[in-house]
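Quick setup: one chain, the form predicted on its own, written in structure tokens, and binding and motion questions come after.
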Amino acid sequence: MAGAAVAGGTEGKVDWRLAAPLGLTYLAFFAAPFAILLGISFYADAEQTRLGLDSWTKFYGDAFYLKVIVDTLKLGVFAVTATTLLAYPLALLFRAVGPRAQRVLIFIILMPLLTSVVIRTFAWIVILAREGVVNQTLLALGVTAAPLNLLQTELGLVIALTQIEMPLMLLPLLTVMNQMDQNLVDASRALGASKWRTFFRVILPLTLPGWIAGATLVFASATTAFISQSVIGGARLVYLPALIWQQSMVVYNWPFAAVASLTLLFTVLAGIMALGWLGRFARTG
């Protein structure tokens, strides 16, 4: 490692040419498009003939678009919460079973990643429809007297996203949980702590880095899941990705779409930063 960082055999001098391919790629595929997007957002009209802040003031001065931002953030938080509640029991089960059962569980966890998100999303249309598996099961059990409307609702979208994003939460969590020292758990139980106290005082703090990584992936993926939001949410639910597509491909108002795109980018970054801050606070608290 140290030798790779030495320039032309001159000790102590870093050869920045080694980082040039990555730097140029970053510049070409992220920095330059970001700069173009930022520049377009400062056009005041859809024809891009006049500079101004009209697109920004229109976006942030309208209660409808502010609600779209809040709904997008809520969707990410709901997806993280739902995947967390299901991932921890699955991860604890994975840790408790033998190697053969672990291989089966790994296959079940990874199988959704081998299937296109489009196929999985359309499968959820069949499952959540009024004549679908969920409604037929609820009717057969007598839980409801009439089929529920799950499609084009936030509840149906969160249910679908929970299954679609579950591997992104489980894989980092399993990695950290497998490295956890079982002696600490056994010591907690031997000292009289209940299972819940052991979970919240021992297992949860030790697996927090894995949860932070999984929550970051799920939040970023759920808030930008254009296919799932459009197909399951339909036209009744509007989130930032659908708004960007509508403004850029239907209305052709690129400055306004640029403002929405930058808002989505900063929204996701804010969520990731909040999760990172939560992780640091938990470690030092």
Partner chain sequence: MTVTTRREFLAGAAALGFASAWPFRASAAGSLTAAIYPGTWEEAYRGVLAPALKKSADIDVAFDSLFAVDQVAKVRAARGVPPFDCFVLDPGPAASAMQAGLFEPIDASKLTNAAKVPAGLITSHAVTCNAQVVGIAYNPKKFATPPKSWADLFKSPYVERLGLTGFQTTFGTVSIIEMAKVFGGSETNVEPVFAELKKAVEKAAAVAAPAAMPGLFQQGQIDVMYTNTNTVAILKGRGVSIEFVKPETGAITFQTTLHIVKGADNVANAYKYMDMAISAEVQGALQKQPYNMIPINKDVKLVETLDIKSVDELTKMVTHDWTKINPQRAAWIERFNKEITK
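Source: prediction; values computed, not measured. Positions refer to the first chain, counted from 1.
Keep in mind that the form predicted together with the partner chain is missing from the display, and what follows is about it.
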Checklist entry - Though the partner chain is not shown, can you say which of A101, I125, L110, L206 has a heavy atom within 4.5 Å of it in the model of the complex? => result I125
Checklist entry - Within 4.5 Å of the partner chain in the model of the complex, heavy atoms considered, which of L243, L217, I69, A44? => result L243
Item to check | Interface stretch in the model of the complex with the partner chain - options 193-201, 147-155, 76-84, 174-182, non-hydrogen atom within 4.5 Å | outcome: 147-155
Next on the checklist: Contact with the partner chain in the model of the complex for G39, defined as at least one heavy atom pair within 4.5 Å: yes or no?
Outcome noted: no
Next on the checklist: L27 versus the partner chain, in the model of the complex: is there a non-hydrogen atom within 4.5 Å?
Outcome noted: no
Checklist entry - Does the partner chain come within 4.5 Å of any heavy atom of R50 in the model of the complex? => result no
Checklist entry - Would W56 sit within 4.5 Å of the partner chain in the model of the complex, counting heavy atoms only? => result no
Checklist entry - Going by heavy atoms, what in 129-149 lies within 4.5 angstroms of the partner chain in the model of the complex? => result A129, R130, E131, N149
